[in-house]
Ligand code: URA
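Heads up, the chain below is alone and in the form predicted on its own; it's given as structure tokens.
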């Protein structure tokens, strides 16, 4: 979408989730829609995104990328049954077109950093195996470490069950005998849990504290923030 291209007001309102195109006329009676400070009521009027305000506030960004601290028992999906991460967002953001989607997934019982975006290029860039985006996890284990796990994970030779290609080297930092920090640059299915299963242990609690350089230290569970577009490029 070109930022400097004029579009009909109803097209902007519907693509950004404020209302459907059919509802635009009614929406413009209920809310103060202005172009360059002037009240407007015709949904067919064309304007630039930057010139439009609703009740004195600028329109939401044309492209939106969020960092969320995903709570436990919330699902990174559009279709599965249960509480979805998108339900934690404003209603209009849930109606955006193109729709917001998570960048990869976290298991339902895993908490922490997840990116949500409607930028398909960014999503592909960060989920591509070639991206090697760094992911930092904090894991609580069922059993104390044996002592050789850091060396095994760093070797670049660890094979996961059912796969034919070894994992890339990963960095294990020991916090206590049953609590660790693991830094990986891949995103294979259930990777962290399967890595510890491969060395005879089990992850009983998992939290992702950092994804692709974005940390959620200041975000409570369920909270999110909009990321600056300039920082993403």
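None of the values given here were measured: they were computed from a predicted structure. Numbering follows the first chain given and starts at 1.
The form predicted in complex with the ligand is left out here; the points below concern that form.
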is_contact(residue 64, the ligand) in the model of the complex, heavy atom dist at most 4.5 Å: no
With the partner left out of view, is residue 191 within 4.5 angstroms of the ligand in the model of the complex by any non-hydrogen atom? yes
Do residue 106 and the ligand come within 4.5 Å of each other in the model of the complex, heavy atoms counted? yes
Report whether the minimum heavy atom distance between residue 28 and the ligand in the model of the complex is within 4.5 Å. no
Interface stretch in the model of the complex with the ligand - options 30 to 38, 183 to 191, 162 to 170, 53 to 61, non-hydrogen atom within 4.5 Å: 183 to 191
